[in-house]
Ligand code: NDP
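There is one chain below, alone, in structure tokens, taken in the form predicted alone.
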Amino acid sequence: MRVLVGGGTGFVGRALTHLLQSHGHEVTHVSRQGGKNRISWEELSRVGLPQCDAVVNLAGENVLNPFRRWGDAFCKEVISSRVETTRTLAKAIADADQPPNAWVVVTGVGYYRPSPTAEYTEDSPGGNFDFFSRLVSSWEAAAVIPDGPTRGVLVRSGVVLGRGGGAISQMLWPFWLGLGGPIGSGHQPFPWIHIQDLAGIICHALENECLQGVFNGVSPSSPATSNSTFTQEFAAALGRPALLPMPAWAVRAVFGVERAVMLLEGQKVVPKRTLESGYHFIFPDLSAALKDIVA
């Protein structure tokens, strides 16, 4: 297949590109600048969709960037980097003379309401109770292509764990120095997925023509993982202690009240349809996933 990937040069995009190419697919990225095997967002808007068999959008500003203050300007960037890029690609697909067969957008489990007890499958309601749930709703609405032959897939991803980026890159040095610990109470659910499995689910969705709709991008053991469990397993994988909890007030001070919710609360998300689709997780177990990442 010829696959066009928005945000293909990012953390997940690099892993997906590597996997797709290993399966014999051709990959073109959409990014800020054009170049070899790459087109710019401006060129996409102006010229339209290049000939391709599938389109994936992974674009999105890092919400938990601790160096960016949470305010109106950053909120607009977060929204635009997800909703507007998705809308741009959806319009290009709808306007194409030869539309692609598949269209995959990776959103987030922030769609589901945080709860210490409720378990959510792909059929569970959500999407309209705080900034992030409304963001996911707008994001997914922007992906809708009303008519045409292109099948749509939404992958609601948990926290992506992998080497060289994402959450692990922000936590590695504090934990390595023995300064890591649970966040807030530590009891909040921690929905997670290994980067190889997120890339694997996307590739699985592209290669299986019968798949469409919503798939939860979380590990099967994710519902049983709390922030405290993750902290202990990560410290153990590094051979370091995890004795310094980060109190809730400090999280709110650094990230702002709205963003702090993503760290202080969580969702128990079950990949029901993902498993039913025949996808086999490479890293269903947290301990094995973390050992692979820090090895």
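When you see a residue number, it is the position in the sequence shown, counting from 1. As the structure is a prediction and not an experimental result, all values here were calculated from the model.
What follows is about the form predicted together with this ligand, which we do not show.
Superimposing the C-alphas around the site, does this ligand, as posed in the predicted complex, end up open here or blocked, where blocked is 3 or more of its atoms within 2.4 Å of backbone or C-beta atoms? Answer open: no ligand atom comes within 2.4 Å of backbone or C-beta.
Heavy atoms within 4.5 Å of this ligand in the predicted complex: which of the stretches 154-162, 208-216, 171-179, 112-120 has them? Contact-bearing stretch, as computed: 154-162.
This ligand: the contacting residue among 46, 32, 36, 69 in the predicted complex [heavy atom, 4.5 Å]: It is 32 that has a heavy atom within 4.5 Å of the partner.
State yes or no: in the predicted complex, is some non-hydrogen atom of residue 185 no more than 4.5 angstroms from a non-hydrogen atom of this ligand? So residue 185 does not count as contacting this ligand.
Answer with yes or no whether residue 133 is in contact with this ligand in the predicted complex, where contact means some heavy atom within 4.5 Å. No, no contact at 4.5 Å.
Please tell me whether any heavy atom belonging to residue 65 falls inside 4.5 Å of a heavy atom of this ligand, as the geometry stands in the predicted complex. Residue 65 lies outside the contact set for this ligand.
So, in the predicted complex, is residue 61 in contact with this ligand at a 4.5 angstroms heavy atom limit? Because a heavy atom of residue 61 falls inside 4.5 Å of this ligand in the predicted complex, the answer is yes.
Is this ligand close enough to 124, 190 and 223 in the predicted complex that each of the three has a heavy atom within 4.5 Å of it? Heavy-atom distance to this ligand in the predicted complex: none of the three under 4.5 Å.
Though the partner is not shown here, which residues of 1-21 have a heavy atom within 4.5 Å of this ligand in the predicted complex? Heavy-atom contacts within 4.5 Å come from 7, 9, 10, 11, 12, 13.
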